[in-house]
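Presented as structure tokens, the chain that follows is alone, the form predicted on its own.
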């Protein structure tokens, strides 16, 4: 049965001890090089038309992130960038893939709407366990607002993805969806305010409470009582825009407080400099769309070293 859960219906999880043994799981990611990245319009508070972008530096930082994933045993697919789509580098927004079923995004702002078409075309031709469901009918910005925690999809709304899209995702992907309302325009996507750290039997997330409505804060506190509560300082450098493989957490090198909290919980933070891409309002997770065609096996000891 597919369920759409509202903030009045929650189920608590058992707190996870800080000493729990962590295991890395190999992931398959889709990324888009920032060949055409620039800030030529302002659709979020991070974008400043008066601050120039160093395209060469942005590409070097992106290449380093890609190489870092591969060095940790993960596979990276690459979608070709499209001229005139400067934000296409933020691949997480391009859609959501679960159980091999890919639903392409339908963006809010007209400047980004062609990205949904580009990602839909990639999904349609991907093969290798990925089946395209086409483009979403409702306003939906992919993994920017849809974060899988175990067998539950946390879904953000308030700025970009609509509540109607949450019901569509629940029906098409066959997953329980829990709606969370975002209230701070700096954290306009869920993946800027919440990071999924462990989707196992004792799910663990990190989040900034102030980014959510009081009702959604209550949902998060009940479901994830052992969550890492981020500081405003770490959130302000997009320290929650992170990718975890269950052991390694890839995030900005600027979120030093978050690095310390992750180590306390048995994770290994991997700092990455994406300062140039931060000018568009994105960091590590924004650049990374997870492709979930099948369950993956744990990484070998050699890959984890």
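Please read these numbers as outputs of a predicted model, since none were measured by experiment. Positions refer to the first chain, counted from 1.
The form predicted in complex with a small molecule is left out here; the points below concern that form.
Proximity to the small molecule in the predicted bound form, defined as a heavy atom within 4.5 Å, holds among 212, 207, 188, 123 only for 188.
None of the heavy atoms of residue 59 is located within 4.5 Å of the small molecule in the predicted bound form. Remark: residue 156 does not count among the residues lining the small molecule in the predicted bound form, judged by a heavy atom distance of 4.5 Å or less. Taking non-hydrogen atoms only, residue 286 approaches the small molecule to within 4.5 angstroms in the predicted bound form. Using a 4.5 Å cutoff between non-hydrogen atoms, residue 35 does not count as a contact of the small molecule in the predicted bound form. Contact here is defined as any heavy atom lying within 4.5 Å of the small molecule in the predicted bound form, and by that definition each of 44, 112 and 160 is a contact residue. Checking 131-139, 177-185, 82-90, 163-171 against the small molecule in the predicted bound form, the stretch whose residues place heavy atoms within 4.5 Å of it is 82-90.
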